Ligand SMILES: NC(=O)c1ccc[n+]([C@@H]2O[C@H](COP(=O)([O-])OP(=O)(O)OC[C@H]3O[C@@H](n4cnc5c(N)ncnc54)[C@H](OP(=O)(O)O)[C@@H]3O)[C@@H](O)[C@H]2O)c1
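One chain comes next, on its own, written as structure tokens: the form predicted on its own.
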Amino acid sequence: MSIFITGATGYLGSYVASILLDTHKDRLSLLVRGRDRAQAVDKLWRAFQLHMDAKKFYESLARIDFVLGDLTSEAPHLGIAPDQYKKLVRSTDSVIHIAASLNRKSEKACLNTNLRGTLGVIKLAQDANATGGIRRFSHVSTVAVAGQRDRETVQEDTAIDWNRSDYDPYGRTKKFCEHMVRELLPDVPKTFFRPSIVMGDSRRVETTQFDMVRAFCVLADLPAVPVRPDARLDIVHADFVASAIATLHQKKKTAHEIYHLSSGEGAKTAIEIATALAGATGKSPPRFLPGMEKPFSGLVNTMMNLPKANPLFVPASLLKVFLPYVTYDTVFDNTRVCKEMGKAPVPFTEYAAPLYRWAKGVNFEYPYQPLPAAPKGVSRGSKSLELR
């Protein structure tokens, strides 16, 4: 039996899959978009090299089944070949659905990937449950399902309010994805994971996800920011989020159905984060001008109209998307996950400065390495890998 996982070639998904390989013995069936298995292996290596060397990667392939498909496919069953789909349905013991479009500016991308894609994964889970039963469906959502908030501490069970406006298509579609999972898998044990702002790793400086990091670096380099100094920023590191997903998914029974994977009341304020970053920038913390939020947003909108080749366009596009998430002073209670995991996340202030220095040092590009030649007796394209 195996765990069917979507999004394993993405940032958070690669963390979850690598942790499961390290700490559990299940086989992993990974949905990967690619023309063939060899291309799927290369895509997985690109994601996994943040977590392991090539030798360990090749060893891990012995426990991985690649499922070629696409959340946005117009073909039935996520575009998975009929014979492989039948085998997948029979072998799937549980599902972890991580893949999603994070494009907060594109409603089309969010509708196609988040809504249609999640519906396809739900149908697969229905077929697997009808065939032999599945023990759990874990859905990775987002705290953004809570909609527009200001100066609040949000609890899991009261986060979704259908009368509340959303910040963007991402939060709106993810909220409805949760609804679909509940309505269409009524008899399957379910776990909903809602990460807050996921940024960096508490154990190392390297990351492969730069959008939010770059937005924060832009803000850190400004002489003044349109944020209240006491505004809390709910930032959590990827290793904590992924560990919670992998650990709780594998539990026979969880204490709750919904978990905020966040910093909660431990979230640091803007001034605390700015002070921590000051050592990395070599400058004093910026001035905090919360009354300038609307003029600042107007300036960002103006910069968005610049040609894409203009150096101001990229920082403007990042700030356009993420500014609401750093100015609304809202945190998401994480008491549940901390109690069940027996630990709390590391404060962002403890790893913010090293992350800032490294990200700027590599110019916000991870130094990817090509996959070396396979060890003797191992073929990238073979279905059966025998390591000697």
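For every residue, the number given is its place in the sequence shown, counted from 1. What you see is a predicted model; the values in this text were computed from it and never measured.
What comes next is about the form predicted in complex with this ligand, which does not appear here.
Colleague: Tell me the stretch among 141-149, 312-320, 223-231, 285-293 that has any heavy atom within 4.5 angstroms of this ligand in the model of the complex.
Modeller: The contacting stretch here is 141-149.
Colleague: Within 4.5 Å of this ligand in the model of the complex, heavy atoms considered, which of Ala246, Ile273, Ala100, Ile235?
Modeller: Residue within 4.5 Å of the partner: Ala100.
Colleague: Using heavy atoms only and a 4.5 Å cut-off, determine which of Thr113, Gln126, Ser202, Thr281 is in contact with this ligand in the model of the complex.
Modeller: By the 4.5 Å criterion, the partner-contacting residue is Thr113.
Colleague: Using heavy atoms and a 4.5 Å limit, would one call Pro195 a contact residue for this ligand in the model of the complex?
Modeller: Looking in the model of the complex, residue contacts with this ligand include Pro195, since a heavy atom lies within 4.5 Å.
Colleague: Even though this ligand is not shown here, does Gln250 get within 4.5 Å of it in the model of the complex, heavy atoms only?
Modeller: No.
Colleague: Residue-level contact is defined here as any heavy atom of the residue lying within 4.5 Å of this ligand in the model of the complex; does Phe216 satisfy this criterion?
Modeller: Residue-level check for Phe216: no, no contact with this ligand.
Colleague: Is Ser297 close to this ligand in the model of the complex, meaning a heavy atom pair under 4.5 Å apart or at it?
Modeller: Although this ligand is absent here, Ser297 would stay clear of it in the model of the complex, with no heavy atoms inside 4.5 Å.
Colleague: Checking a candidate spot here: are Arg33, Thr72 and Tyr170 all in contact with this ligand in the model of the complex (at least one heavy atom each within 4.5 Å)?
Modeller: Heavy-atom distance to this ligand in the model of the complex: all three under 4.5 Å.
Colleague: Which of the residues spanning 1-38 lie within 4.5 Å of this ligand in the model of the complex, based on heavy atoms?
Modeller: The stretch 1-38, when checked against this ligand in the model of the complex, contributes Gly7, Ala8, Thr9, Gly10, Tyr11, Leu12, Gly13, Leu31, Arg33 at the 4.5 Å heavy-atom cut-off.
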